[in-house]
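First comes one chain, alone, set out as structure tokens in the form predicted on its own.
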């Protein structure tokens, strides 16, 4: 299978612009603060991967129409709600290179706006009059909440296993991408096998997305990331590169890794990166991420050739190769 050049994703820029416009249009409220905070988190950046996955899934399954763009915003509202809550929990001050909403408006307001965005997503879901869509979305939001709690329970846990790590990222990140693809398939009324294949594709892309995100936390450029390198580790998130290094390291290096992880400063970051490189941790994580993109491509094999399928191929490569 020859994967097309990622440059074809430029053809989706009009869809992204339409999604951005719909995000603002759908954010109708009588409370100005909600709109202000909502615009801050929604329009501060983001690739709109989740809405695009939904739109492309629906179109590939035969569902057309301008209504898809407006409906797709529910996935971005859900995602934005989790970001707002995450920043409060982590006491984050910077996201995408800008001040986080909680540093501007305070924790209480931001948590409540996050709740509003969740409610807005659910209100969009009911417009289809399809109970199955509500069931998929409610299952996804439940799993996302469980993922957040699991992440909190594992904060600073240097004994977390790879299996436990993948359980967290599957629930916290991948499930929403899976839901976006499945709901697109539901609207297209495809057979159950194709619906499941699209859901699994979204799940595999979601895992790829998070593993790459966790690689970039150690290896990315702070200016591109919009946050400091190793910010996730400083907030207590022990992710795949460190998990692998701790498992492979000699006893002295393992002890040093643990000491650095528990008291990480910017000055210690180069030493940490050196130990990760010594044990091939980042290369291992990249290999894992690549394996999930290959699974995502396999999930697409049940569908005939189409423009949407070509876009999906390009998106898998884009998620794997991204630098921010």
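Numbering follows the first chain given and starts at 1. Keep in mind that what you see is a predicted model, and the values were worked out from it rather than measured.
Keep in mind that the form predicted together with another copy of the chain is not shown, yet the notes after this line are about it.
For the candidate spot formed by 115, 130 and 152, every residue has a non-hydrogen atom within 4.5 angstroms of another copy of the chain in the predicted bound form. Listed residues 158, 94, 88, 219 were compared with another copy of the chain in the predicted bound form; 88 is the one with a heavy atom within 4.5 Å. 145 is the sole member of 98, 247, 104, 145 with a non-hydrogen atom lying within 4.5 angstroms of another copy of the chain in the predicted bound form. By the criterion of a heavy atom within 4.5 Å, residue 163 is excluded from the residues contacting another copy of the chain in the predicted bound form. Proximity of residue 167 to another copy of the chain in the predicted bound form: non-hydrogen atoms within 4.5 Å are present. Residue contact with another copy of the chain in the predicted bound form: residue 254 places no heavy atom within 4.5 Å of it.
Another copy of the chain is not drawn, but in the predicted bound form it has a heavy atom within 4.5 Å of residue 120. Only one of 106 to 114, 193 to 201, 209 to 217, 239 to 247 lies within 4.5 Å of another copy of the chain in the predicted bound form by heavy atoms, and it is 106 to 114. With contact defined as any non-hydrogen atom lying within 4.5 angstroms of another copy of the chain in the predicted bound form, the contacting residues in 21 to 48 are 29, 30, 31, 33, 34, given in sequence order.
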